[in-house]
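Shown below, as structure tokens, is a lone chain in the form predicted on its own; questions about how it binds or moves come after it.
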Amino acid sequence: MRGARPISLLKTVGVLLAKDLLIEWRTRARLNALIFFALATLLLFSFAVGPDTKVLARNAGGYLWLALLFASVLALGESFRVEQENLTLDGLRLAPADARAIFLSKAMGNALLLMLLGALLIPVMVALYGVTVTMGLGSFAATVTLGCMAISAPGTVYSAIASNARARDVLLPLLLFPLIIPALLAAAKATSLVLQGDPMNQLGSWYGLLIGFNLIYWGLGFLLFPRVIED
């Protein structure tokens, strides 16, 4: 009987994740807003720096992650809004399912959305900043995946906390931004190395920081999320 609980958890995660992705696919409102917001952010950085292509190329990794960070606030803020407006979250809490499955499905859905956004921004970065992916698309994909997961896990927990507050749109970034500074710096530095090359073999160290961050906060979210939605 011990093997039944993990299987039940995985099935619940799959059902909830499929539900969120189906809603997103049918409406696509959140994805369209994220794409427009991220593109506008990259354009603003390009206009602010001016025609200095060397500066743009050198800081392209930081610009990308700032765009993803700002867009993530919109994505995370909306992730529990539907459940709150339709009282779906109350139904999920009453259902005979592990509450941790809600965290895993929401965090994975938010991470997938940010990964898709990061992939869509690659040609925009190449066109605006004149960068090339020196170390290959595989390394770039790994960096974006680790960075988006680092934003998604604590962001999902804080989004659930802020969803019950009146000033939730203000509370979420106040809670999230200070926490993910180490992961954001590591992701920006790793992206810069992937774009410009890594002659000193520093990329592995930044990946290690991102992996450690993800292990800690995905684990904490998995353990603490049932208490979060109960309160």
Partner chain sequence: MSDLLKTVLQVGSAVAALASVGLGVWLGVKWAPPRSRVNARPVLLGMAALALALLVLGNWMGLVWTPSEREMGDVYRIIYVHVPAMWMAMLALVVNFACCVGYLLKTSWKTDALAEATAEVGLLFGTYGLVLGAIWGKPTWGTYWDWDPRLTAMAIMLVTYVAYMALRRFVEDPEKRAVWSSVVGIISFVNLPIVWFSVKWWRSLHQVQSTPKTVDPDMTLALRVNAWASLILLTLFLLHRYRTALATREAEVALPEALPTDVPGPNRASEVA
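Owing to the predicted nature of the structure, the values given are computational and were not obtained by experimental measurement. Positions refer to the first chain, counted from 1.
Not on display, but discussed next: the form predicted together with the partner chain.
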**Message:** What I'd like checked is whether Y158, I181 and K189 together line the partner chain in the predicted bound form, meaning each has a non-hydrogen atom within 4.5 Å of it.
**Reply:** yes
**Item:** R26, heavy atom within 4.5 angstroms of the partner chain in the predicted bound form
**Value:** no
**Asked** Does R166 reach the partner chain in the predicted bound form, with heavy atoms at most 4.5 Å apart?
**Response** yes
**Item:** Residue contact check: W206 to the partner chain in the predicted bound form, 4.5 Å heavy atom
**Value:** yes
**Message:** How about L171 - does it come within 4.5 Å of the partner chain in the predicted bound form, if we only consider non-hydrogen atoms?
**Reply:** yes
**Request:** Just one of 158 to 166, 31 to 39, 190 to 198, 64 to 72 has residues with a heavy atom within 4.5 Å of the partner chain in the predicted bound form, so point it out.
**Result:** 158 to 166
**Asked** Going through 214 to 228 from first to last, which residues have a non-hydrogen atom within 4.5 Å of the partner chain in the predicted bound form?
**Response** I216, Y217, L220, L224, R227, V228
